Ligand SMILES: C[S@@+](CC[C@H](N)C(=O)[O-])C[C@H]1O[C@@H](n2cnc3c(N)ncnc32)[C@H](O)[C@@H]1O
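To begin, one chain is listed below as C-alpha cells, in the form predicted alone.
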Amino acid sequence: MWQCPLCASPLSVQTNQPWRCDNGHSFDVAKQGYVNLLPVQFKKSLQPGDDKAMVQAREAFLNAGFYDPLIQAIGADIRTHRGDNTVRSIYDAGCGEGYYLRQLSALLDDPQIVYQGNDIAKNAVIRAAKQAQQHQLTQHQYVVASSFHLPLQSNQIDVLLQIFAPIDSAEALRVLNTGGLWYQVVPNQSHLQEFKAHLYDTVTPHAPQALPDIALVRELDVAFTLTLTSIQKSQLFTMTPYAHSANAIKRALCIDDPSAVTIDFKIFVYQLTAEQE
C-alpha cells in the first residue's frame, strides 16, 4: 500500500528490511520502527513540523486522557456507519505522537485492522513508533512524510483521520477506498475561548466550514470543559498555535487563570463515492 515518495512506484515492505521500489529507491527502517519517506526537496526547513517542546507537551496532555471524548465519538461513528467487519485500514494524516491511533486501536479492538500514520515532524513520529513498540502494537506503522504528498497508493484506506492538521484534499480523496470515511476535526465556535479572551482585544468565534465539492455525510459536535492545573494548562497552551504568537505576559494570563477551559470540536465526516473517484 505504500508508494515511493520519489517516483510513486509501489514500495516493497519486508520486516526489518529497507523499503524498496522497482526503480532502486531505498528507505531504511529506523531502530524505533518508523521509516523516513520525506525527501529533502519536500522540506521547507531543516526540521519541519512541530518542535520538541510542542510534541512533549501534547504527548503529556493527550496521554492524560483529556481529549478522550473526541476519539470516543469518532470510534462510535466508525462502528455505527461502517460496521465491525468492513474497516481494515485506518490512517492518520498528521498523526503526531500516534495518540489517536492508539486509542482507536483499543476502542475498536480488532486485530484485523491496520493502523498507519504520517507526520512531517520527525521527532513526533519517533515518539509514535516508540510507543507502538512499548505497547506491542504490531499492526501500527508510522512514517515521516508530508500530508500534501501522501506516500500511499491510491484507494488503500477505509478510514482517514485529519485532526487539526493540514492536508491536500485531492490527496485525501485519492487514497480513500470507495465508501471510505474521512474525519476532519477542526476547532468549533467556542474552542479555547478562555485563552482567546486573554490573547485578543476582540474574540472572534471560530466558524468552521465543510469543504466544497466533497460528499459531506454528517457533522458531529464534541464539547466539554476541563478543570486543569497550571501545568496542564501550560501543556495545552504549548500544543496550540498561540504558543508561537503570544508574548510572555499573555501566556501567563492564560495559564494562571483558574477558570475551566472550553473544549469544542467540529467533526466533518466525508465519504468517497464512486462518482468522485
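When you see a residue number, it is the position in the sequence shown, counting from 1. Values in this document were obtained by computation on a predicted structure and should not be read as measured data.
Below: the form predicted together with the named molecule, not depicted.
field: Pro151 within 4.5 Å of the named molecule in the predicted bound form, heavy atoms
entry: Result no; Pro151 lies far from the named molecule in the predicted bound form.
task: Using the partner position in the predicted bound form, report whether Tyr100 sits within 4.5 Å of the named molecule, counting heavy atoms only.
output: Judged by the heavy-atom cut-off of 4.5 Å, Tyr100 is in contact with the named molecule in the predicted bound form.
- prompt: Looking at the partner-bound form in the predicted bound form, is Leu62 within 4.5 Å of the named molecule by any heavy atom?
  reply: Leu62: contacts the named molecule in the predicted bound form.
4.5 angstroms heavy atom contact with the named molecule in the predicted bound form for Ser147: Close contact exists here: in the predicted bound form, Ser147 approaches the named molecule to within 4.5 Å, heavy atoms only.
field: Proximity to the named molecule in the predicted bound form, single hit among Ala165, Leu108, Ala73, Ile126 (heavy atom within 4.5 Å)
entry: None of the other options qualify; the answer is Ala165.
message: Given a 4.5 Å cut-off on heavy atoms, tell me which of 29 to 37, 50 to 58, 205 to 213, 225 to 233 is the interface stretch with the named molecule in the predicted bound form.
response: Looking at the other structure, the answer is 50 to 58.
query: Listed by sequence position, which residues of 97 to 122 have a non-hydrogen atom within 4.5 angstroms of the named molecule in the predicted bound form?
result: Heavy-atom contacts within 4.5 Å come from Tyr100, Asn118, Asp119, Ile120, Ala121.
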